[in-house]
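Starting off, we have a lone chain in the form predicted on its own, written out as structure tokens.
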Amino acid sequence: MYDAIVVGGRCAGAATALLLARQGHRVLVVDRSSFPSDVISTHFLWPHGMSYLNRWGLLDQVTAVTPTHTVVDIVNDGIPLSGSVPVSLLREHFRDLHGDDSGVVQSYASVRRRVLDQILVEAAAKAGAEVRTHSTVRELIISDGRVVGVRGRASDGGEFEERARIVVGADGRNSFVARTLGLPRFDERPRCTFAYWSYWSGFDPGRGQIHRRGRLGCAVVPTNFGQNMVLVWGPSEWSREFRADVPGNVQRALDFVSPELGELVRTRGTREERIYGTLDQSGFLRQLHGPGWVLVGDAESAKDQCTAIGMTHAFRDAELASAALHRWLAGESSLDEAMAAYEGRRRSQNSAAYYDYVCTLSEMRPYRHDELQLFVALRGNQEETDRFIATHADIAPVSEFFQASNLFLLNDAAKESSAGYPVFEDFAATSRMYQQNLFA
């Protein structure tokens, strides 16, 4: 009998297993993959994601093979902003969510899953968790209405049956655990982005860059193996036309959104791998826990990639869920009390507001005139630019930055006008042009 069986051994699952095992609990992790391996992911870690790794003692392993940066460039319709997440907001975020602010770091990174997941799985095993890779869970064992274990097929083809006090579903947006339990999705947001990316060598973009123009976005971030991840995305309703010529349309999107980045990739870049893509980005929530089970990561809340928050949120869930489960397993609380505490943090008003923020952004509507004026107003106001970046990354509350009184103060204190930014010269005509499918 295990204390916990974790279904899924990547960001959310391996981290949950690691933290539970370090508390002395008997943990089994089952994943159908072998490691190291990649998975469809835009694999970005914001500073709070890196801070979790630091809290767990794994950051040095990651940064030894992964470039890190602190300042990020964000360019919206030609309006550039640069900044970093303030340490003070990071500390406040961790104190509010976890009760302590140890291990906070200000850097971000783009970490390939073949690198990160291997480090996490090895750390979980080193902590004492039993890790079974290349093994598939095929059935949940339910007794008296409660999940009490799993049945599956091991790497050698043999069947296995294991029992535990709790089963953790950490198996992604298409979670087997959630589907087997018949958990419905709710607050679904079908409008989302398509995203395509690959890895180029041959140029140095410096730090990470995120660009938006009209209904399209692109980003470049240095990642492992001396390569740069280059990503483009757009509204899902344009995906059919985009897929007609993926390599050509990746370059076309880069040239449209950021001509400078498009030129850099076209003239100096060497693509090292095939182009990866995903159309399955719709947002949804699921019930968090029930008799004998709990969900973490994308299994309980999936969101579009447009703010690159997935892995960071998986780490957050792992720390919250493992802390709650430890209190129960150690006899410090009932399971109901522990799960209520987990749910209270995961379904807070701030969390709901950020979910809505991501889902709204993922519709990829062109920015309104007043939204673009806000970006102009932020120019020269470094403190508020940094707070905007922290808000975009779910470190500062969305409701605080975007409240009307704050927006009024920002516009009132603006040091620049919109003059000089081409997007404002004939805004109506530009807005109409942005509605045209570039790939049709």
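For every residue, the number given is its place in the sequence shown, counted from 1. This structure is a prediction, so every number in the text was calculated from the model and none was measured.
Just so you know, the form predicted in complex with a small molecule exists too; it's not on screen, but the next bit is about it.
For this session: Have a look at V85, V230, C192, V296 for me and say which one sits with a heavy atom within 4.5 Å of the small molecule in the model of the complex.
Result: Contact with the small molecule in the model of the complex is made by V296 alone.
Problem set entry | Heavy atom within 4.5 Å of the small molecule in the model of the complex - residue from A377, I389, M50, V30 | The option sitting close enough to the partner is V30.
Exercise. Hey, of 207-215, 304-312, 182-190, 345-353, which bit sits against the small molecule in the model of the complex at 4.5 Å between non-hydrogen atoms?
Worked result: Comparing against the small molecule in the model of the complex, the contact stretch is 304-312.
For this session: Decide whether W197 counts as a contact residue for the small molecule in the model of the complex under a heavy atom distance cut-off of 4.5 Å.
Result: It does: once the small molecule is placed as it appears in the model of the complex, W197 has a heavy atom within 4.5 Å of it.
Problem set entry | is_contact(R10, the small molecule) in the model of the complex, heavy atom dist at most 4.5 Å | Output for R10 is yes: heavy atoms within 4.5 Å of the small molecule.
Exercise. Even though the small molecule is not shown here, does L409 get within 4.5 Å of it in the model of the complex, heavy atoms only?
Worked result: Contact with the small molecule, no.
Exercise. With the partner left out of view, is G283 within 4.5 angstroms of the small molecule in the model of the complex by any non-hydrogen atom?
Worked result: No.
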